[in-house]
Ligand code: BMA
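Below, in structure tokens: the form predicted on its own, a single chain.
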Amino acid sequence: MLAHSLFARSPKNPILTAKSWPYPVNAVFNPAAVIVEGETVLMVRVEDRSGISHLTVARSQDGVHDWKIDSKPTFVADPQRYPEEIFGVEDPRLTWLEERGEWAMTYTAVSDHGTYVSLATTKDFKSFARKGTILRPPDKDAAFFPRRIGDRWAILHRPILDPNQDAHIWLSYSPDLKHWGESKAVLKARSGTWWDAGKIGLCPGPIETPEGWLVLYHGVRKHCSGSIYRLGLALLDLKDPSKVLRRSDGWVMTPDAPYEVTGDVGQVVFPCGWVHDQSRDEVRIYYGGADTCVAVASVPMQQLMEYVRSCPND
């Protein structure tokens, strides 16, 4: 019996594993997710057998079954031109920028002196235009808002200002998607024995609802034998996303299934993608289980918003 979760896991989980891949790999996990013309498209983090990660596209008509996976890596590190990618590219997030008519992919570039937030854009998930790093290191867990806030673009991200201090989710603004400033900690890690004490980070990018920007985030609970990655929800003001309207006290999902508890990094549920499937009026999250496989869980949008409305005013 799995612990109570707002999101219902698919009985087909895990939906993608290393055995699913058309070429030899160690693990597949932490996918970005979007719906394009009714088809679910995942940009999956793939760790090869050297330990370096790249990204590969997988597609499915219903978002659960019959995945069609690119026969070779879709997006690989390019350390010759982008030295910050020397140890791979990881954990993508995808955002459709209607104004620009393209998908923006933020991802973690792993360098020999920290993690960068880098940006690439695409229209077809076949060719990508790299834009390089956009936030100074160490920083990660970043995703754009899909439209301008006022006259500026906005991004949520997780800088590490001091490795000995708590890590929070920050909001920054930009006129051009390249130069960022007016940064502010928006969602702060709690303290003490809370499930999200010490370190939190954004999962996928925010979803716009009539009541606010819906945010899914992870919290890291450290204990004597390691860490547990759990999920929580927040709602940000539409006009001023630095204002937190609601935030869940308890987690909405915790590692409990065998493929979440045991793997290369146990006790981890980590979504980099979620979609609002309007044909079913459900929200599906696509997540890495134990840094080893890809799984999916879902909840009706109405039920999700009812839960968020019941959360405390932060």
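Everything numeric in this text was worked out from a predicted model, so none of it was measured. A residue's number is simply how far along the shown sequence it sits, counting from 1.
The same protein also exists as the form predicted in complex with the named molecule; that form is not shown, yet it is the one meant from here on.
Think of it this way: in the model of the complex, the named molecule has a heavy atom of just one of Tyr229, Tyr116, Trp213, Phe75 within 4.5 Å, and the residue is Tyr229. Note on contacts: among Val268, Ala58, Met253, Ala27, the single residue with a heavy atom within 4.5 Å of the named molecule in the model of the complex is Val268. In the model of the complex, the named molecule lies farther than 4.5 Å from every heavy atom of Asp139. Contact annotation: Glu85 falls outside 4.5 Å of the named molecule in the model of the complex, judged by heavy atom distances. In the model of the complex, none of the heavy atoms of Asp196 sits within 4.5 Å of a heavy atom of the named molecule. Between 260-268, 279-287, 35-43, 242-250, the stretch whose residues reach within 4.5 angstroms of the named molecule in the model of the complex through a non-hydrogen atom is 260-268.
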